[in-house]
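Heads up, the chain below is alone and in the form predicted alone; it's given as structure tokens.
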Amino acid sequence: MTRIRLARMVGSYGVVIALALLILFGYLRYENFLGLFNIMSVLRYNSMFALVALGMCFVIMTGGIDLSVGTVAALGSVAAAYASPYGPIAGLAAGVGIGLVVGAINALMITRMHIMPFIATLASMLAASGTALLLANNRSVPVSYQSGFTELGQGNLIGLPIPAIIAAIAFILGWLVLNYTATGRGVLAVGGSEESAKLMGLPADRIKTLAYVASGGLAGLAGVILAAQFGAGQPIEGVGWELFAIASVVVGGTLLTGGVGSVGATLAGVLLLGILFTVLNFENGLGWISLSAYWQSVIRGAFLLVVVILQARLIAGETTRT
């Protein structure tokens, strides 16, 4: 077994084990931790982060990065809020559409202009943030409650939160694409070695374009849910979402160098980091200690640091051995 495969297994299985242990800890320590209301709240709220993390997973598997997802979600929420009086479909189209446009611009800069993904998506992050503030006049944009738009964020279907259902469908499609299509295999091949992929005849630029467009579209969809869930487009929301997404992806075993990744483990990473915040809330409720919400970022950062160091050591050992 190679060290790179070991790194993937540590991430994929480790995050699932950690998630199970965290849920068991919460169940044993807190009353109603696994109550219906808490479960529904966790699923509804974390669906936005799950969508952003899914797009980030595909981008990182190609060997890239997308720093614009948080501000694209904020921009998508503003666009969806303005379109919400025309119904949920219009709001959905506006938010997702603007995300697809930003994703396409990112792809154009990276594949045609040969700008590094970090720089290209950093520029898009700043541009999307400024555009959101300009469109919203530096304020929240209220949505229409009469058109049915808010059902996308606040409604239930067959007893489950609609945002969670949307995220579940997206992850199922992402899992199918990654594991059962030529595009999915191409994503891993490009991330493993873009030059080798080109020599094999794979359309590397097209594959990367699809990854960045999908990331933008999913971020826009997260923005739609954000606006529908909180009743307003939020131009200053989304700060730090890209870091949450990167942490979820890497904790799930996807290598930052590309070529290795798992959609299912990314979802487990989202749930793990999301439930940590819930644990902090319950712990504060007991009154034994008082931990602010900022501890959420500290713990996420610690998880990310440990996993990245472990990945780096395993890959360095494999490189030395070969």
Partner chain sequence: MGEDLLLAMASVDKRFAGIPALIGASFEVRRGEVHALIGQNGAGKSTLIKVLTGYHKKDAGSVSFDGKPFEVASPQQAQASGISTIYQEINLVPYRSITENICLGREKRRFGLLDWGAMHAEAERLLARFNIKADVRRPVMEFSTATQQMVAIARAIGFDAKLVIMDEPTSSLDEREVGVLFDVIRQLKAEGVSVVFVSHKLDELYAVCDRVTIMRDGRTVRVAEISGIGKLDLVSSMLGREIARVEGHATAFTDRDPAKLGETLFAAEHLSAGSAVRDVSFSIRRGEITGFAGLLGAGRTETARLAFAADKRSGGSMTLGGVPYDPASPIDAIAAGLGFCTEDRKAEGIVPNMSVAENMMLALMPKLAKSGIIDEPRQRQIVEKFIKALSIKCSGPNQKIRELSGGNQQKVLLGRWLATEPRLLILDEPTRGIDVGAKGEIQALIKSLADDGLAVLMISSELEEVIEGADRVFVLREGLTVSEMSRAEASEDAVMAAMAEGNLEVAR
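Everything numeric in this text was worked out from a predicted model, so none of it was measured. Residue numbers count along the first chain shown, from 1.
Not pictured, yet referred to below: the form predicted in complex with the partner chain.
For the options Ala268, Ala50, Leu67, Leu255, the one in contact with the partner chain in the predicted complex, meaning a heavy atom within 4.5 Å, is Leu255.
The listed set Ile89, Leu176, Ala104, Leu126 contains one residue whose heavy atoms approach the partner chain in the predicted complex to within 4.5 Å, identified as Leu176. Only one of 177-185, 234-242, 221-229, 142-150 places residue heavy atoms within 4.5 angstroms of the partner chain in the predicted complex, namely 177-185.
Residue contact check for Gly264: none of its heavy atoms lie within 4.5 Å of the partner chain in the predicted complex. In the predicted complex, the partner chain lies within 4.5 Å of some heavy atom of Val260.
Met200 belongs to the set of residues with a heavy atom inside 4.5 Å of the partner chain in the predicted complex.
For Gly97, no non-hydrogen atom is located within 4.5 Å of the partner chain in the predicted complex, even though that partner is not displayed.
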